[in-house]
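In structure tokens, one chain follows: the form predicted on its own.
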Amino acid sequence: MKPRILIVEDERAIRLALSGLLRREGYEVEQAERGGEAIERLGGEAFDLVLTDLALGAGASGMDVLRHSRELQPETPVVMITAHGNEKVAVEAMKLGADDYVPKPFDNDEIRMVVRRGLERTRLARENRLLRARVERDYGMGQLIGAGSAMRRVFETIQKVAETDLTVLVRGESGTGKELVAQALHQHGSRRSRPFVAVNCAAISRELVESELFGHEKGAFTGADARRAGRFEAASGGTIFLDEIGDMPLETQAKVLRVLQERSFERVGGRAPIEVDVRVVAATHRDLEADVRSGRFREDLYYRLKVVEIQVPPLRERPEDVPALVERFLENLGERLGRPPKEVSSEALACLCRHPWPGNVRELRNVVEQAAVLASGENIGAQDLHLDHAAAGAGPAPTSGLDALPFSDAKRRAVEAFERVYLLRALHENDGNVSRTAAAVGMVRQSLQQKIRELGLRSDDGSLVDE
């Protein structure tokens, strides 16, 4: 489609001259004589660039057009046309969000260059937004990232139960992203506009855990100088996330069970029941079944929590997710530091994919961020990674139970893990285009398509582009 440009100019001769020039350049051009007309059109039509005079006679000014354009179409660049000697005003306009300005009198080449530069910014901004949306759709949910079948099952479960109020138990090793699962359940559910309150049960002393969860009345214990609301009250209408619930004392477990059963509790030192409407999501890395058998965890609470269970796989079982995770961590770090994200060399990525990651995704993020900060160049090399060299260079990390398999089965699983990492990286580099990826890796297109189907790299909605 031709780029659409809105020209806002009260002088008819200049307006017609600009329109003719830009139409000859192949653009679709719309005109507005007054600022108010331009603002109205910006509210109902999409444009790729706005070219507006600063002084528009009576009514809305070019500055008003700029302000409304930023509100109505924030991605659309605005170029200001200024009278000779008004460069100071033009600079002020750029501080308010204008992308460029052209002083009168101007020549055709200057207009062509400024318009071309603005449209290029529009193209890049929209491509970036579409790429982020595609990555989000194909490989993640919020901060959760995953391209393999294990994480897709996690995403599918979240989508099925997010809109319900069912209690969810999230299980997985430390560092796998259990809190991110809880956040995704909250953000994709009907309570998304209400509070999300996270409580680490293992980080609160036994003496204070009940006060922290349920609040206390003034004088309930030494130091209770005033009434205090607890985390359940703070989460009213929203979601409370009870992380590491397996470390909760038995006496507190009984009170949590009552909240789940009756939707009410009393503050410490209080007698009046407090009704609460919260969704409960709990998480643990412990073997709760063993804790139930030993009497360390209440069986009735266990079954109340385990209405829906989501198992988050450890990172060593999904090496195909490492490239996308690395990319996301570098993007996030770049945004925090206000600079472009660094690239990762093929050798460094191979080391990251082979590492067994006992600390899971949390450890990967720490390693990647440290390498990005300390690497001397623009690229992160294998030498910049602070990994256990024995583990990092020992080839593909064994997945759970691999050592116990027959050689042929173990080899097949190791090869599949390598193929996933290698092909996913190649597909990322070629924007998901199967034909270009096949040429890049030296495969026949049909063979690559078959391999994509075998490894589950193509989602059911055909998300990989095939042009």
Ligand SMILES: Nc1ncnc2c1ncn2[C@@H]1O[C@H](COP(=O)(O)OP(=O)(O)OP(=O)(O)O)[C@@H](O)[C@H]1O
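Only a predicted model underlies this, so the values are computations on that prediction, with no experimental measurement involved. When you see a residue number, it is the position in the sequence shown, counting from 1.
If you look for the form predicted together with the ligand, you will not find it shown, but the lines that follow are about it.
Judged against the ligand in the predicted complex with a 4.5 angstroms heavy atom cut-off, the residues 143, 151 and 361 are in contact without exception. Although the partner is absent from this view, residue 82 stays clear of the ligand in the predicted complex, with no non-hydrogen atom inside 4.5 angstroms. The ligand is not drawn, but in the predicted complex it has a heavy atom within 4.5 Å of residue 174. Residue contact with the ligand in the predicted complex: residue 178 places a heavy atom within 4.5 Å of it.
Under a 4.5 angstroms non-hydrogen atom cutoff, the ligand in the predicted complex has residue 329 among its neighbouring residues. Of the candidate stretches 344-352, 179-187, 274-282, 213-221, only 179-187 has residues with heavy atoms within 4.5 Å of the ligand in the predicted complex. In terms of contact with the ligand in the predicted complex, the residue from 244, 291, 233, 317 that brings a heavy atom within 4.5 Å is 244. With the partner removed from view, the residue among 248, 325, 367, 98 that has a non-hydrogen atom within 4.5 Å of the ligand in the predicted complex turns out to be 325.
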